[in-house]
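A lone chain, given as structure tokens: the form predicted alone.
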């Protein structure tokens, strides 16, 4: 059984005429790390909110189709039931800070307190997740006295500490530099390797190619492509639908037109693949 099973999903926000998602069908298996890509307004955040249960239980509107998460059909459950299985990290970490705690340590422990987790277990889990996300040194700081990147790590830690079966992230690296982005991707990949199912809306295709198992491309609320990263991220359909591609893919595609990239070699997404392809092409030329 798939951990996430979406069939013929169509959703329209209140007071709007056009659906934000149209006939979306997808499956995500347990432990899979899936990226959602698309131009602005393609429906990435809406799909994240739907998988996490915020649609239809927080945002109203009209939802048709089937959304089953961790064996629970979203339309016939409550948000309280869903949040025990699904954790959502918002794009803006400021929106995720509770405002009820004075320190980062207390903020991360807040959800566990609400569940009545024993104190010793709580301390163990908070210490572990802070080390995992690299924010141990922020323990006594106020959540409001942090940079955007630091707040994003705190938001991620506050969800990971709950140990959900499914982690949904809406552009979690938008406020991070390249080093911070890599570190967050590494943390999320580690959680996936441990069995957590991950769905991430993201724009940074080089990191997606390196870390994820599958990519789903959305265009105007519909699934344009879905499949392995190397296949989806090099598709000529992406730029046609306003979806950014890797600089390495763009350069290699142009090089192929000039017979400088081997015709039989797949286009690259990462720097390493691009270097290997161009070096191989030069060696064959000689």
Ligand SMILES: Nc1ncnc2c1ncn2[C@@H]1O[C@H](COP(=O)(O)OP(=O)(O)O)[C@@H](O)[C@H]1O
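Numbering follows the first chain given and starts at 1. Here the structure is a predicted model, which is why all the values come from computation and not from measurement.
Omitted here: the form predicted together with this ligand. The next part is about that form.
Relative to this ligand in the predicted bound form, residues 13, 16 and 59 are all within 4.5 Å by at least one heavy atom. Judged by heavy atoms within 4.5 Å of this ligand in the predicted bound form, the contact stretch among the candidates 254 to 262, 237 to 245, 66 to 74, 40 to 48 is 40 to 48. Taking the partner from the other structure, this ligand in the predicted bound form has no heavy atom within 4.5 Å of any heavy atom of residue 267. Residue contact with this ligand in the predicted bound form: residue 20 places a heavy atom within 4.5 Å of it. Contacts with this ligand in the predicted bound form, taken as any heavy atom within 4.5 Å, map to no residue of 95 to 131.
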